[in-house]
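Let's start with one chain on its own, the form predicted alone, as C-alpha cells.
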C-alpha cells in the first residue's frame, strides 16, 4: 500500500478542488454544529472537521437512506410497476475506521443471498476518504473489537501527524484523485513512525473496554439466554429506538405502500426499522414475537454479539458508542451488558 504526505494547507486545496471541479456529484464530509458532528454536503473545505469523536448518524445513510422510494405503480385496468433506483456519485470525507468496518458489514448483508440493487447502486458510486479517530468519545470501545484501525475498505485514509497527514492509498480510484486534485509527496519512514505513534496514543484514550477477548462474546451469549442481566438492564428501557436508529450496523427496514387519494397510483417505500421498536416483531395477525422489553433488549445484544458474527464473520457491533450516547436510560452499551454477563458466568 502506498503512503503519501499531504500538508494541511494542501488538504484544504484538495477538498476545494474536488468541490470546484465536481469530482463527484456530491462531496460530503463531517461538519460541526453546537458541539455535535454530522455528515453533510460541503460548500467549501472550511466546513470540514476531521478532528471529531463521533457523528450523530453513521455514513451508511448515503447507501441506505432513512426513507427511500423503491418503486412506483399505477392501478386500474392496465396496472404497471416501475422500479425506482437513483444514485449519484459521491465522495464521503472523514469516515472513521469503525464506520468503515460497519460499511463492510452492510456490504456483506446487502450482497449475500438476494443482492439489493438500490443499496449496491449507491455503494458502487461512492468514494470513501477515511480519517483515523485520535480522540474517541467516552462511550467508544473500538480497540476491544478490532475496529479502531483499518487496513482496507477505503479509497484514502488520513492520519493527522501535526502539520500534515499521512495518506494511505487504498484503491486505484483514491490514487487517481490524489494525482489529479492534490499535491503530495512520498511518506518517509519517520513520518510513518509518527503515524503509528499517533495511533498507539489514541488507543490509550478509550475509557470503555470488554473484560474478555471479543472472540469469547458469541459463546458467552450462547450460554446466557436465561441470564437475569437482560431483565435487569431492560427494566428502564423507554423503547424509544434511539440506540438502533443511530447504529451503523443495524440493517433492517420496513416496507410500506402509499396510495394516492385518487386511488389510481402510488409508491412503495422503505424506511429504517429496528428490533428495539415495539411493533418490529408484530405480524399481520397481531401476534408480537418480542412483545416485552426484555425480549427486545436480549435480541439486540444477541444480534450485535452473536447472530451477525456467526452469519457474516464480521463484527456485529463496531464499538462506536453512538447507542450509549443516545440512550436516555443509559443501558444501551453492548460492552456494559457483555461485561455483566461475563461477571455473572
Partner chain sequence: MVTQLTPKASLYLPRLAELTRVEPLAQKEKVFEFRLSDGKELGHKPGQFVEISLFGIGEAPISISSSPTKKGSFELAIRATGNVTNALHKLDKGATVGIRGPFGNGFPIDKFKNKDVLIVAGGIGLFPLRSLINYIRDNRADFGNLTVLFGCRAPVERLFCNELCTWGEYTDMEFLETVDTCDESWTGNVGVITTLFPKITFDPSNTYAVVVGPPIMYRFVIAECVKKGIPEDQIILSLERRMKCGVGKCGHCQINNVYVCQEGPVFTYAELKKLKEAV
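Positions refer to the first chain, counted from 1. These numbers come from a predicted model, not from an experiment.
Note that the form predicted together with the partner chain isn't included here; everything after this is about it.
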Within 4.5 Å of the partner chain in the model of the complex: all of 186, 193 and 313, by heavy atom?
no
The partner chain isn't shown here, but in the model of the complex, which of 315 to 323, 299 to 307, 23 to 31, 41 to 49 has heavy atoms within 4.5 Å of it?
299 to 307
Does residue 111 make contact with the partner chain in the model of the complex, using a 4.5 Å heavy atom cut-off?
yes
Though only this chain appears here, would residue 268 touch the partner chain in the model of the complex if you measure heavy atom gaps against 4.5 Å?
yes
Whether residue 135 contacts the partner chain in the model of the complex should be assessed with a 4.5 Å heavy atom distance threshold; does it?
no
In the model of the complex, residue 206 touching the partner chain (heavy atom, 4.5 Å):
no
Contact with the partner chain in the model of the complex, heavy atom within 4.5 Å, among 215, 179, 197, 124 goes to 124
With the partner chain left out of view, which of 82, 151, 163, 86 would have a heavy atom within 4.5 Å of it in the model of the complex?
82
For the heavy atom contacts within 4.5 Å of the partner chain in the model of the complex, list the residues of 114 to 133 involved, in sequence order.
114, 115, 116, 117, 118, 120, 123, 124, 126
